[in-house]
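Take a look at this one chain, the form predicted on its own, written out in structure tokens.
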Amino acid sequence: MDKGLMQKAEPGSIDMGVFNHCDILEEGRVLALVTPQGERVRFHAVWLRDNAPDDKTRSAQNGQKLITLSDIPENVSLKNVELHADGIRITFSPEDKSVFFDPAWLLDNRYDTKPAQSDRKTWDSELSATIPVGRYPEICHQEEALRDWLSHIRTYGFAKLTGGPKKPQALLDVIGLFGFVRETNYGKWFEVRTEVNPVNLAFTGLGLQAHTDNPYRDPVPTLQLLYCLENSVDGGDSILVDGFRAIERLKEERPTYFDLLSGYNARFVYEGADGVCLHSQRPMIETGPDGEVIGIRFNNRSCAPLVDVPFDRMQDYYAAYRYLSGLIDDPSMAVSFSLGPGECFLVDNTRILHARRSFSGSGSRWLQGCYADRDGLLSKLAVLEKTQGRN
């Protein structure tokens, strides 16, 4: 490395690269960096040491850590910082260990100030004109097309697919493009058509309220695929609702209702087949430690008696439940479409509620469905974005 491009922070001011100013603060426990745009980003010395990218700390083959936290001195601090044109070299005390950091990586992983998350876009019926869709022949043979289709699911929580083969189990080929089928008591896949004695109301011609699938499981399947093989009935359109948009409206219009539905467990049960007894106790609205909504479980057919809501809150809880149900049923919240043979849609089952309009007994309607997990989809998408870049 060209020593002429090196400057030291003791503390000091730098005019190059991603950052143009840096300070060592709090007796070496904190590094502060400033971008040319004036954004100030701070990192603790212990965090930097724990995330050091050198080959003694992380495996060059798989990126996994080779040390434990107990291998890092409790009194770790910054001894010296050198800013170069292509990175930042940090020397830690008392180890006297010198490590080179990529400034772009630091910016991407900052925790002092977080950039706005733009991947997720909530929606309502206005999305009907631009429903995200991909073409099966293209996503099978063009990685860019597959990347775009998977990114739609990350952004909108669902995407439609057209032009697929009209053959049984074709849905397994779709899942195989990014991940693996999650087998349940329904099998690797399940049939969705009218039955005389169905084990589930989904296997009838009745209309269904928008819902998430399998709320009685822990964890729930995070993806669901429904693939059409035959459809000549009158009705039976698929309806999708963005549960996160419904929750946004709930918070805006009735914030106390949001608190109730996210603060107390609901119960969900399925015992509709021999040898199956599935139970879960989770809030209808699941949030992270920072209050961010991370999931919705809404399925009135599978909702068991509520027992985790205090007596003096039960009446209000039901009012909140009814209000959320009304938002989900609001036509202005939904998009709908008919599936033809060789078409399917994939939904994020922790976010998107799906429904079906009733259909007549004449004609035929045959869909196959299966479950998968979102981590496989996001992994495949991350690989594609690394190799192709993001739009």
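Position 1 is the first residue in the sequence shown; the rest follow in order. Keep in mind that what you see is a predicted model, and the values were worked out from it rather than measured.
This next part talks about the form predicted in complex with N-oxalylglycine, which is not shown.
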One stretch from 80 to 88, 259 to 267, 209 to 217, 131 to 139 that, in the model of the complex, holds residues within 4.5 Å of N-oxalylglycine by heavy atom: 209 to 217
Residue (of L150, V174, L226, L250) lying close to N-oxalylglycine in the model of the complex, criterion heavy atoms within 4.5 Å: L226
Residue (of V293, V192, V181, L106) lying close to N-oxalylglycine in the model of the complex, criterion heavy atoms within 4.5 Å: V192
In the model of the complex, R365 touching N-oxalylglycine (heavy atom, 4.5 Å): yes
H354, heavy atom within 4.5 angstroms of N-oxalylglycine in the model of the complex: yes
